[in-house]
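So this first bit is one chain, no partners, the form predicted alone, shown in structure tokens.
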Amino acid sequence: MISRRAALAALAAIPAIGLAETLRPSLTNDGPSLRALAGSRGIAFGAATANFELRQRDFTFALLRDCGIIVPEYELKRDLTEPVQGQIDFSATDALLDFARRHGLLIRGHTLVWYASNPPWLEPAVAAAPDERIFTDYVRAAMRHYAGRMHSWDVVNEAIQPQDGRADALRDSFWLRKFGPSYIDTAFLAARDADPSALLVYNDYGLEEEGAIHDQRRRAVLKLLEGMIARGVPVGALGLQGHLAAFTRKVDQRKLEAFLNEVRATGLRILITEHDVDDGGGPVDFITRDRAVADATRRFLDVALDNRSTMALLTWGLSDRFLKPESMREQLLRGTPRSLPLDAALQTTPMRAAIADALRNARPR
């Protein structure tokens, strides 16, 4: 397995090649690619994508220009990998891995144990299961299939939910009801057993913003991570999702900085795994929406990238092209959501400029 430093140096040096120049979309030239800017700071930049998106060759060119790492948006969720119990199929992710290898990209794994995006058979099977093999066998199968080929893995996703009323703030999921809090430790131990060198990540949302509920989420996640470390559970990083809002909840920079410093003090690394900005609830005009999205991104990244433990930044998609308005009324009034670095026509947005500025200002790792 190559070192992180060598991988990032290689990514920064690789141009976006492999597609004919005639396929270049009409991108505004905003200077260096995001992958190059990030690589110069010791950070990997990339985005979630899917096989159907990569069938659009202009989009693929744009992705190769800016991204040095990808993550499957859908392909590794269990409702797609094991729709029938006992019949595991990783071929969709294999295709993404092949794409990544052909173009010199890193790829991460998302996600192994989650309360959502599961096949209908799984929850009743868990309720009837005699032991943890109902999920540890799956974790080991995925980790062994991709051993040594993934940059990192989201092993457990979104296990915290203070609104469910537990003293430990754990989500009242079917995993918790069957196996208790230890299911989280068990998943990480199974992952480490299957791939001793993988970077194992706990991934969650709602850790960036102001308000009492987000204070609770930060405290609960930190307590969870500190407990795992104390018990010898092989968690290596926090996945900070970074789903923000342009016109409602604001990033609390002071509290986010303090939280990330506490995470850094544990020795864990930090990955921004799913960044996007919801532009709903604001004006109709693109200029105001774009400015608010960019401002939210800068408030977030100015803090998150200032922390030297932050090693990766991925957006949850690269282009607004594949986003759908929530309703016909939204489509008629507001058009396509504007939440990502490139718009539906693959033009660069103010959000992309904000990401570029934040990367330029980030301290080298």
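Not measured: the values here are computed from a predicted model. Start at 1 with the first residue shown and count on from there.
From this point on, the text means the form predicted in complex with a small molecule, which you will not see here.
Taking the partner from the other structure, the small molecule in the model of the complex has no heavy atom within 4.5 Å of any heavy atom of residue 179. Among heavy atoms of residue 195, none comes within 4.5 Å of the small molecule in the model of the complex. Within 4.5 Å of any heavy atom of the small molecule in the model of the complex lies no heavy atom of residue 248. The small molecule is not drawn, but in the model of the complex it has a heavy atom within 4.5 Å of residue 274.
Exactly one listed residue, out of 291, 243, 264, 145, brings a non-hydrogen atom to within 4.5 Å of the small molecule in the model of the complex: 243. For the options 257, 215, 158, 295, the residue carrying a heavy atom within 4.5 angstroms of the small molecule in the model of the complex is 158. Heavy atoms within 4.5 Å of the small molecule in the model of the complex are found in exactly one of 120 to 128, 235 to 243, 170 to 178, 135 to 143, that being 235 to 243. Every residue in the set 77, 114 and 316 has a non-hydrogen atom no more than 4.5 Å from the small molecule in the model of the complex.
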